[in-house]
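Below, in structure tokens: the form predicted alone, a single chain.
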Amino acid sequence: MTTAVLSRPKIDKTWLSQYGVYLAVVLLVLYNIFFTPYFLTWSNLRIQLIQVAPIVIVALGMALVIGTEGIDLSVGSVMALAAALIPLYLGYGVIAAVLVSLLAGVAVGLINGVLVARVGLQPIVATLALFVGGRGLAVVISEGKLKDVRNADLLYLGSGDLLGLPVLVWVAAVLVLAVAFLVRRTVFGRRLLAIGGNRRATELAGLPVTRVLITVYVLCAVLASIAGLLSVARIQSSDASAVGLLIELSAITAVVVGGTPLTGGKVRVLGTVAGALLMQLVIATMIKHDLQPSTTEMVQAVIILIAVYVARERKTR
């Protein structure tokens, strides 16, 4: 009897680390239903979904990187770079512009991956260079100017609807399913998690650690590029100094709050989506109730600390 009583808190903490983010989302939604005017209106829900979609997309790539016990600080700069390139190549057609933006993401991902996997730099150091330099390059490419985007096909991605939902949300949903399948059902996904669990053991087992790591950083950068071009399509302009600004913090927060440990070895895709939704709801709720931005930031910080603490407790057991 004593053993059962003593072990109960451990079960509770395990449950909290796995499902706490979903419970928090449900509770926050219920709070808004009862206390926030017009929360359930379609116009409000549509806005919230559109705003959270780019964060979800970037967070998916971040979750893959964190699953290998890495981090990528350059995702916001990749978004800015993609946004700066879009107007330059729209004259050749929307497909050409999109491909160029995605190729820029591939290039950044290759640089990050090589620095981490081959050169042996710490991920935070390797990606910090492009965190600074990538946005600077984007500003140079755009000449520091805000450029309007009027291509109807591209704008449809940001403002169009499909079966009653914004196209942007459909894109995010498809990418969520793709990343979930990649992590759970493919050899690549198992290798990714093995590297995060114990990189040295994975190397000794003869698995292609370098190739997997480089691919992970490329995927993260490509997802950031997609988020960048979708952001351009949504706001109908390209501003390299503002697109993706500080989104790396939102993405890391979504991943951590969603239950993916910073120590690697696990990727919770649906938890990451729930984490992004939770942080978006927190921000939206505080704005609706006229709270100061500083209060919002403090609440976000508390949520992050709680998530890290719960994850740490689970890791030590």
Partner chain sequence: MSLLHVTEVSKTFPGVRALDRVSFTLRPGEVHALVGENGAGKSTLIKVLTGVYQPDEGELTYQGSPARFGTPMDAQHAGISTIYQEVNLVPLMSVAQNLFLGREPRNALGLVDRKRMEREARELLAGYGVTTDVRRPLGTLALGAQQMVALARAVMIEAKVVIMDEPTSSLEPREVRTLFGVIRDLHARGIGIVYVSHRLDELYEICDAVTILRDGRVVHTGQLAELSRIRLVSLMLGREMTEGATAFSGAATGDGDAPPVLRVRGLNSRHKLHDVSFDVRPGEVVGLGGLLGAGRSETIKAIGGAYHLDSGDVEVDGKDLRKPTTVRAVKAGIAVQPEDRKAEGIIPTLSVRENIALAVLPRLSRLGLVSDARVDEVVTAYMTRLRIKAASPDQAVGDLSGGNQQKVLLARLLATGPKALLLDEPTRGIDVGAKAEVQSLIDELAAEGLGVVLVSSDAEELIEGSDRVVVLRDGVVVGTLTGAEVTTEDLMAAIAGERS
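Residue numbers count along the first chain shown, from 1. Since the structure is predicted, the reported quantities are computational estimates derived from the model, not experimental observations.
Only in words, not in the display: the form predicted together with the partner chain, which the text now covers.
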| item | value |
| --- | --- |
| Partner proximity in the predicted complex: G206 to the partner chain, non-hydrogen atom cutoff 4.5 Å | yes |
| is_contact(V187, the partner chain) in the predicted complex, heavy atom dist at most 4.5 Å | yes |
| Distance check, G197 to the partner chain in the predicted complex, heavy atom within 4.5 Å | yes |
| Contact of F181 with the partner chain in the predicted complex (heavy atom, 4.5 Å) | yes |
| Stretch in contact, per heavy atom within 4.5 angstroms of the partner chain in the predicted complex, of 88-96, 198-206, 213-221, 102-110 | 198-206 |
| Candidate from V149, L175, L157, L193 lying within 4.5 Å of the partner chain in the predicted complex - any heavy atom | L193 |
